[in-house]
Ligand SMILES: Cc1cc2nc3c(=O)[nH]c(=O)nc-3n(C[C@H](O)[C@H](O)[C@H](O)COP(=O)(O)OP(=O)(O)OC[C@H]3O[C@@H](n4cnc5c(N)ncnc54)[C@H](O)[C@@H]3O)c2cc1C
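Have a look below at one chain only, the form predicted on its own, in structure tokens format.
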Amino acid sequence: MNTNINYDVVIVGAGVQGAATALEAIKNNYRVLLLEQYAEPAKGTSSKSSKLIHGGLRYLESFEFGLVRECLHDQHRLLRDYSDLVSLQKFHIPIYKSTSRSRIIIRLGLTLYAFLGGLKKHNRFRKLKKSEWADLDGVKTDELLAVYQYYDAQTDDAALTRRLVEQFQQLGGDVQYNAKFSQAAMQEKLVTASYKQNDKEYTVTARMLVNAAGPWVNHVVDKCHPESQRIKVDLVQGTHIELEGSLEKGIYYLEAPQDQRAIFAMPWKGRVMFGTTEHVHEGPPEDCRPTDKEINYLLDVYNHYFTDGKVKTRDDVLEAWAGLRVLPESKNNPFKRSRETLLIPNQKEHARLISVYGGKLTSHHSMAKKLVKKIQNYID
């Protein structure tokens, strides 16, 4: 084995959470090593999201006001600091006679959303005039009662993650790709971690190990000794499909008629991106694939709302891909579970491992600041 120079922090996983933590840690003058099992960053969940930088309008229903406020604050920062990657988009919410949420509820939600966003100009909303409905990209108007328009943001999730890694490297950070975490031994003031790269085993020492492995989070926990605290999770699969066509007026926030879940129809690189689903994935994270049931579900929702003269079938699906969310294990419907990120240390005092459970694309910066503050409390 080759023993490298000590680091202050070793981070496992170069998704958006790991990349953001690495950047925040090096800005705080820590020596940081970022390990990624694939040949480039954002190969897992961080390239398979809905590409939205949003506060989470639907989280208001579960009273997660703090999370929404945090996400809207981070959205404002991303629009300012990464304007070439993050842009505002018009969102439309059509309300039909069959929609489960009334016009009053939607209006109240949008009012609170604007308030939590600081009542900035782009946080405000309006009700479209009936004369504007015909311009909404072929959205059906039968039994349509109202359409509300507001703003949220969209990004290229993989490109944003790559940017964070590039900034980390520019500040002197060390990134190792094709580096698969093997194990870690934790002592009172030191972590000895090993990883395999190009058929060679390497060992590094650090004062803190951060487990930002996403769907592999408990795989990493199980390889740390002595035994560390872990929480039971569900890996919730979300599938998107891409269809030929365009959405000139922006993004549509729809309610699936089958189960009242939120579904987004989005313009994406000259196509229409449609998603997402939510069901618990069984098996290894790397085996995550779109299922026929998910694809058919999304096509049914699309055909329910869009009347462009042709019913979309499997032959019209240009791409289909799936990612995994990490949510605490529960019998509740995944759609209704909290999206709060959990930062779990391996012990209450002198922790040498912190595992990141969950995480949102929008709030990666706030999560990283909280995590680095925890690191400071444990090792400084």
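Residue numbers run from 1 along the displayed sequence. Just so we're clear, the structure is a prediction, and the values are computed from it rather than from any experiment.
Below, we refer to the form predicted together with the named molecule, which is not included among the displayed structures.
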Exercise for review: Tell me, please, which stretch of 311-319, 24-32, 345-353, 46-54 lies within 4.5 angstroms of the named molecule in the predicted bound form when heavy atoms are compared?
Suggested key: 46-54
Point to revise | Candidate from Leu209, Val272, Leu254, Val220 lying within 4.5 Å of the named molecule in the predicted bound form - any heavy atom | key: Val220
**Study point:** is_contact(Phe65, the named molecule) in the predicted bound form, heavy atom dist at most 4.5 Å
**Key:** no
Review point. Could you tell me if His225 has a non-hydrogen atom within 4.5 Å of the named molecule in the predicted bound form?
Key: no
Review point. Is there a heavy atom of Glu70 no more than 4.5 Å from a heavy atom of the named molecule in the predicted bound form?
Key: no
Check your understanding: So in the predicted bound form, does any heavy atom of Val10 sit within 4.5 Å of the named molecule?
Key -> no
**Study point:** Interface residues of 190-222 toward the named molecule, as seen in the predicted bound form [heavy atoms, 4.5 Å]
**Key:** Ala212, Ala213, Gly214, Pro215, Trp216, Val220
